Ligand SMILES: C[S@@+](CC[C@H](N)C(=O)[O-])C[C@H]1O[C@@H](n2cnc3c(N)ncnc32)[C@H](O)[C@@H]1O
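Single chain ahead, by itself, as structure tokens, in the form predicted on its own.
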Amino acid sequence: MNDLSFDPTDLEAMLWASRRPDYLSAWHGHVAFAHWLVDIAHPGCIVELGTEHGVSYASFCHATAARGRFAKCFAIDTWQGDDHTGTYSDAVFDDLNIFNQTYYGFFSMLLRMRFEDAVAGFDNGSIDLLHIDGLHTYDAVRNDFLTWLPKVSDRGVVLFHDTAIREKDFGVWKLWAELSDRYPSFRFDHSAGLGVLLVGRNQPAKLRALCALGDSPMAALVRANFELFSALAQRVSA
């Protein structure tokens, strides 16, 4: 039987406050999981593709800083918007850049460029946590995954946001259906959905246990707990 018990250290990480509570984002519902994931997986390099206001990215950075661990974090985005987010002004980047430099500038960088232009700057097998949250068409997200997959390490985790959205031309759900049959995985259905894919074979026991839950009653309970703790983290922030 899989052991996915949460000890006091886990619960502490799950209750860390959201660092960007004033920005509208479905990602607020996954903040507790982001904190827990970074806390147990200890990624040495985190890369996010598609950041906007930085709700998810700030969660990764905060979990890194809170334990005083060495890591390199990179947010990659044009900060101009796309067909799904709409366009936005330079004020979005400027605001996040000030926040990042103030709190995480000693280990975090915002790379204002296209994903395909940034990939050459990373060594193969160097990324331990990759979050894909750019343009959400099937072709776009599939291209992002295949382009960046060689950069993911042997303990790499890949996150896909918006796996539960099936309207318009969103196609993350379709790619997720393909990939989740090939790799150990776990999905959250709340807050637009989040897919957790264990690409690397060298994973912490708790992550392996999470992905072994499938659609069991325990999986439903775990999903509800992370959703609850994310809501509590927002209230702590407020």
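Heads up: residue numbers just count along the shown sequence, starting at 1. Everything quoted here is computed from the prediction, not taken from an experiment.
One more form of this protein, predicted together with this ligand, exists but is not displayed; see below.
- Although the partner is absent here, D39 lies well away from this ligand in the predicted bound form, with no heavy atom inside 4.5 Å.
- The shortest heavy atom separation between S56 and this ligand in the predicted bound form is within 4.5 Å.
- Not displayed here, this ligand is kept clear of T147 by more than 4.5 Å at the level of heavy atoms in the predicted bound form.
- Proximity of D128 to this ligand in the predicted bound form falls outside the 4.5 Å heavy atom cutoff.
- Although the partner is absent from the chain shown here, W27, D77 and H136 each have a heavy atom within 4.5 Å of this ligand in the predicted bound form.
- Shown alone, this chain has one stretch from 113-121, 67-75, 150-158, 97-105 that lies within 4.5 Å of this ligand in the predicted bound form by heavy atoms: 113-121.
- Here is the short version: of P43, G195, G171, G50, the single residue with a heavy atom within 4.5 Å of this ligand in the predicted bound form is G50.
- With contact defined as any non-hydrogen atom lying within 4.5 angstroms of this ligand in the predicted bound form, the stretch 165-192 contains no contacting residue.
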